[in-house]
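Each of two forms of one protein chain follows alone as structure tokens, named structure 1 and structure 2.
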Structure 1
């Protein structure tokens, strides 16, 4: 039998490595075993910047926690995996982190489809999954009876509600036109917008799809214009969002644009040109010239840890940093409350958190069995690009 397996062994060196590693692990602990925190996010490709932001937020928080003696007296360690913005890869990576690395809490990245792929796994494996960016409504509202998914980020349904309200309040919007990216994120928001508009019995000019490969979106915009749209509600990543602004310029159509946070993910002001500031978009947090005390503290920690950060413009996707930072501290509190790294205990630990003074806001009972989203509409802030940095529309 061993002989028969011999050639196979050679082809499967990792099996050997795993066995050896397993033997080492099962021997009495040599030092204090760290608590592992996993991150599955886009570390390569178009959305790599988002993964970088999440990493920074998590790292700053973990540094603070470790400086304070860790969690349950154990140091915290971050393990990252690239999902390449591909749900299949993301799910595989999540499995690896949960099953092999035995992470205590798993963090998710920018892409809603990837997070949606991980949700059933997290619930099945009973490991808390913390959404720090992706806003898809069904990530936390996944219908599972035993829900292990939490989020410190915006949620599409609430964002859409806030965008519609902002359009009405600021621009007197009566007949919005929707521009949605042709992917699950766009689909999730279509549902949200419809819901928000139907509640207000407001009719809309149309729903148009945009694609990353569109060289211009004039056909879509013209249809909306002809249908009488007075405000545009936009959901799209940086590239397509910038194409919308450029096409609007070329059409000479001066229409307000209220957007989800897609433009925050990259060099929007460069890609969209001089009129980038016409797009007002939602954020959960922005670093400004005058931050809260906590904000300044985190900002200086960031600058110390990452020398490449020189100015505010270098930390443009602040949402990723801020969400990840707060979510990490909340997770640490949950583990402390649980008193162990057991998944179910930690999940219940999240419910037990009472107060935490965070970067985005002061949290008070952020999670309950019914409410797995720590942020709500009152926590959103509308921003736009000015000279390459994101600043609040109303200081």
Structure 2
């Protein structure tokens, strides 16, 4: 397992290089400066599994790219920093990777508040910032006239529409209650939920905020129950989402829970307890026993690269792996299209991508100046935890 440095340490940065990098650098024809890819993500704490998943997806893609000769004849090197799910630390880490390490593309992690802190810096420094997890709508739709932010992941505005429709189709939802993390990610989803419900002329029982530090959310749940909520629409990462399930258990309230993908980012099934499977949440990809040819290929590479992966349960959360894998290959194509590592040229290179047969889907013109999100509602799947593994609700 790679060891990440905290951005504020005054030490020579330790690069995280894929195994094929040494082979490439040893070749006289390729003894050149590597192209550096940066990752700022949660590598510690309750959401550390998200950072691990992103690392694995990027690493498998970089292994493939380097085995094929690198990008522009140069090897690719991955450098990681731990943002600890803290926006200030994430922004400092991003600045260090951009200014000191000179990364060509910077990847972001799980937390929308961290990504939102990095967006202005990426646009100012003219360095492409690739979102591989955080779903906040305003990450890519940030209002910048010169936008360098792209995403291969879900987007809140579209996810919220899908969650509302799922609640109606699966549970006959008529009066949902919202449980939203008290940060910009929760605010982003409140807008999306309100819009989706208003479009259907549906009322909601209430909107309650939850904190990452909450150990008991019975008061919020009680208010929603008393207001007549028949389904819960939940947005929160691992910790608060687990507390919702445990609080529901203590209340004895058997209510459907339809969630954004926060529970997938860490030890949710362990923290939430035996009823973790009651939460149905959205994903962009899940490894199963019946994958596509590309899925089997990537799964085999994961098992070879990481011997600790013995079963499908060991690659949770697959969404981080898949998003990062496809995003890295798309980034490589953008750099090839640019013909250089110049930030503006690479940004324009993303617009020049025609097609890419990816893990999540086959991409066709995934990015345009007006559209910086490569995935849409047709790319989502609903899942839940079963015996510690994330599996589709409907196989």
Partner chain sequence: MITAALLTGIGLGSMYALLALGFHITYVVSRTVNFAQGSAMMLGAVLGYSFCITWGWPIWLAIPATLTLSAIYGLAVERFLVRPFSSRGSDAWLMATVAAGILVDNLVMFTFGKEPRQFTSSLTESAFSLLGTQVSPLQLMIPLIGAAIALALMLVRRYTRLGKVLEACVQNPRAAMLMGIRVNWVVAIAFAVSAVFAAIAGMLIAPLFNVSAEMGTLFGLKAFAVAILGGIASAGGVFAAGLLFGLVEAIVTIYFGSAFTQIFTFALVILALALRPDGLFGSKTLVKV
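Residue numbers count along the first chain shown, from 1. The term rigid core refers to the most C-alpha atoms you can superpose between the two forms while keeping them within 1.5 Å. Keep in mind that this is a model prediction, so the values were computed, not measured.
- Structure 1 derives from the form predicted together with the partner chain, whereas structure 2 comes from the other one.
- After superposition on the rigid core, displacement of the C-alpha of residue 248 between the two structures amounts to 2 Å or more.
- For residue 271, the Cα coordinates differ by 2 angstroms or more between the two structures after the core has been superposed.
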